[in-house]
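Shown below, as structure tokens, is a lone chain in the form predicted alone; questions about how it binds or moves come after it.
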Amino acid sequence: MSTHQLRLDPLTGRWVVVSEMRRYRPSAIALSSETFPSDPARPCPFCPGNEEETPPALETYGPTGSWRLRVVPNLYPAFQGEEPMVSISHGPVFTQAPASGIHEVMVLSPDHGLTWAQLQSDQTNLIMSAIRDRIEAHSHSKAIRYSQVIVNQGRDAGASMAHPHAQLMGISFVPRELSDEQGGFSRFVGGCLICNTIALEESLGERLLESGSDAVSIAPYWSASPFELLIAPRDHGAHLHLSGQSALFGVGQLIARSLAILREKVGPIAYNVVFHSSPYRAFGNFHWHAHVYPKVTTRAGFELGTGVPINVVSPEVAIQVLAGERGGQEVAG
């Protein structure tokens, strides 16, 4: 492989630079931490016994008298209200609209110290069931067009609380990343873009991390950042909340295993998990999936100025590291 390549991301239509040589710059790889210290002066509002520190739960999963997973309203919501998406112009360049929607927090486990990579399989299945249930609940709102589910693990990934949790945001518009992906599926003429990607990667084996009976985990050919992973169900379906249980649980289990492999082979680094499902009331050609973005490098001026990412660890090398064929120290230079 050439050490300098442009690769096209067919999901978004954007170019990505893969530049292996830049990995050997001093501090090109800067490992972040998946955890950060809690404030001992303030009790964790997500731990059992501190439930009064959060608004009343929207959903509670677990036996009577205890809980295994909670969903609560976010105390500091980015989106709130049920006003329709109507833009108002205040001159030629000032346009606004109400940030309507719902912003929720899902406490992934009662255990303050366990990340998703360390949870038992039944807890991972519960997380995926709760995600499905909340997206289903959002789908009945006339004001919400799309729901974004994210897991920010570690301060460098944007988390403000140490206790592992996810955020669910139902919003009144379709964000650029999703509309770009919708365009990618529409442009692809060979059927489903994700189904074809799964088939090709399984036949080649160069970027395949794990091939399960219900889902697949790969380092996509167009990876924009080191150790980026794409996890998708085998069953074709546009909407996560309409997916069958085997596909839903299969994706969740591969997310957990992929995060555990990253933890073992690269280190306990911060990461983001992002779920992409088709917007509500949109039934075009789409295949729901999840992205895992480890925080290994920092975007610099070129990326910010052009919107073109530079990946210093090719997906082929990433899979060699994660599969144990090469050590993380060699990747770090």
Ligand code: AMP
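All values reported here derive from a predicted model rather than from experimental measurement. All residue numbers refer to positions in the sequence shown, first residue = 1.
The form predicted together with adenosine monophosphate is left out here; the points below concern that form.
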Query raised in the report: Each of Trp67, Ser109 and Asn125 near adenosine monophosphate in the predicted bound form, meaning some heavy atom within 4.5 Å?
Result: no
Report task. State the residue from Ala159, Ala117, Val71, Ile171 whose non-hydrogen atoms include one within 4.5 Å of adenosine monophosphate in the predicted bound form. Result -> Ala159
Query raised in the report: Which one, Val105, Ile135, Ile255, Ile198, lies within 4.5 Å of adenosine monophosphate in the predicted bound form by heavy atoms?
Result: Val105
Report task. Report the stretch among 210-218, 75-83, 171-179, 88-96 that approaches adenosine monophosphate in the predicted bound form to within 4.5 Å, counting heavy atoms only. Result -> 75-83
Report task. Consider Arg145 of the chain shown here, and say whether it contacts adenosine monophosphate in the predicted bound form, taking contact as heavy atoms within 4.5 Å. Result -> no
Query raised in the report: If you check in the predicted bound form, is Glu303 within 4.5 Å of adenosine monophosphate, heavy atoms only?
Result: no
Query raised in the report: Closest heavy atom of Asn152 to adenosine monophosphate in the predicted bound form, within 4.5 Å or not?
Result: yes
Query raised in the report: Would Phe275 count as a contact of adenosine monophosphate in the predicted bound form, using a 4.5 angstroms cut-off between non-hydrogen atoms?
Result: no
Query raised in the report: From first to last in sequence, which residues of 162-197 have any non-hydrogen atom within 4.5 angstroms of adenosine monophosphate in the predicted bound form?
Result: His165, Gln167
